[in-house]
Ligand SMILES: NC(=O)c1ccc[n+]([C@@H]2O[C@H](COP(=O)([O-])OP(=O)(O)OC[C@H]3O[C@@H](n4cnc5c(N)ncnc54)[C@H](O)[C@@H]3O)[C@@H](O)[C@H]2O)c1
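Given as structure tokens, the chain that follows is alone and in the form predicted alone.
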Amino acid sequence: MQIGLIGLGNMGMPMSKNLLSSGYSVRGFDLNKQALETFAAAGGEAAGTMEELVENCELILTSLPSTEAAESVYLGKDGLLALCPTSVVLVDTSTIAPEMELEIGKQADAKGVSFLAAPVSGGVVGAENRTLTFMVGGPKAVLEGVQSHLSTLGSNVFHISESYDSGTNAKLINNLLIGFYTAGVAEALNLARESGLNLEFLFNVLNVSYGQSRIYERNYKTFIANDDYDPGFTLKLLNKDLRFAMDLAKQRGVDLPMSQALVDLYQDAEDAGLGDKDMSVMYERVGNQSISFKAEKERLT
């Protein structure tokens, strides 16, 4: 099968490599020329234009960084819906505004093109290890036709509902929880450190207690313990998804005061220049704020 993949970034690149290693013929497109060269070196066919990518593809996946990028790629004058024949299935794995997924689905239906909005959870590690979770909104019959291909990239493929925004809504709720877990780990571990506890030993204790979580394990073991915040999932991307979740809450008339405080916390960290670091850098942010708080307290006393 000829598969197209648009967006060869942190998620799209490992997905493309896994498709190639599974025997698929993969044609890729990205505005970043270095990404295209890396993709070609891995055995993919680099497309120079969107029109070139679409040719002879049966399935096209997109992994895009923003709602604006998705709008351009799908709905632009030379976008996918303008270029694709009705035989192509389009699957968007991006996390973008739910209303944009609805609009893309509406226009795809009008043209007779099959479309699924299928954001993924699992991060770069999940993309590399084929353990992604797909949360799919759109026609179940379309998903059934491509599920075996998505299963080469992830260990879980869930059909949320026929509504194009349902998978994205589920993903936003997932990431809202991630935001709470990440902030909780940051504050709890700073308190533990200042209380003289050994963080490594504490992890072993809490990992078999109710304080255990996958985010605790991810953030501590991969990032905090190594004092290395090169991103797997950047703080600014998490903050973007938290804002989408708050927009969704507003649309549904749901008051989320604790979530709003969480968004403010992450926005403050992003404004402080931490947006391009991994979300686990909140541990460092809390620690630095504690140092400033202590210094101010000492000054006043």
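Don't overthink the numbering: it's just position in the shown sequence, from 1. Remember, predicted model here, so these are calculated numbers, not experimental data.
One more form of this protein, predicted in complex with the ligand, exists but is not displayed; see below.
S.K.: Quick check on this chain: which one of V185, V157, V73, V146 has a heavy atom within 4.5 Å of the ligand in the predicted complex?
M.R.: Result of the distance check: V73.
S.K.: Please pick, from L31, M258, V254, A41, the one residue with any non-hydrogen atom lying within 4.5 angstroms of the ligand in the predicted complex.
M.R.: The option sitting close enough to the partner is L31.
S.K.: The ligand is absent from this chain, but in the predicted complex, do G4, C84 and S114 each have a non-hydrogen atom within 4.5 Å of it?
M.R.: No.
S.K.: Which of 209-217, 196-204, 87-95, 157-165 has heavy atoms within 4.5 Å of the ligand in the predicted complex?
M.R.: Correct option: 87-95.
S.K.: Using 4.5 Å between non-hydrogen atoms, is A272 touching the ligand in the predicted complex?
M.R.: Taking the distances in the predicted complex, the answer for A272 is no, it never comes within 4.5 Å of the ligand.
S.K.: Hey, in the predicted complex, does A69 get a heavy atom within 4.5 angstroms of the ligand?
M.R.: Yes, A69 lies within 4.5 Å of the ligand in the predicted complex.
S.K.: Counting only non-hydrogen atoms and a 4.5 angstroms cut-off, does G9 reach the ligand in the predicted complex?
M.R.: G9 belongs to the contact set for the ligand.
S.K.: So, V136 and the ligand: in the predicted complex, are they within 4.5 Å at any heavy atom pair?
M.R.: The answer is no: V136 has no heavy atom within 4.5 Å of the ligand.
S.K.: Taking the ligand as it sits in the predicted complex, which residues of 57-71 have a non-hydrogen atom within 4.5 Å of it? Please list them.
M.R.: Result: S63, L64, P65, A69.
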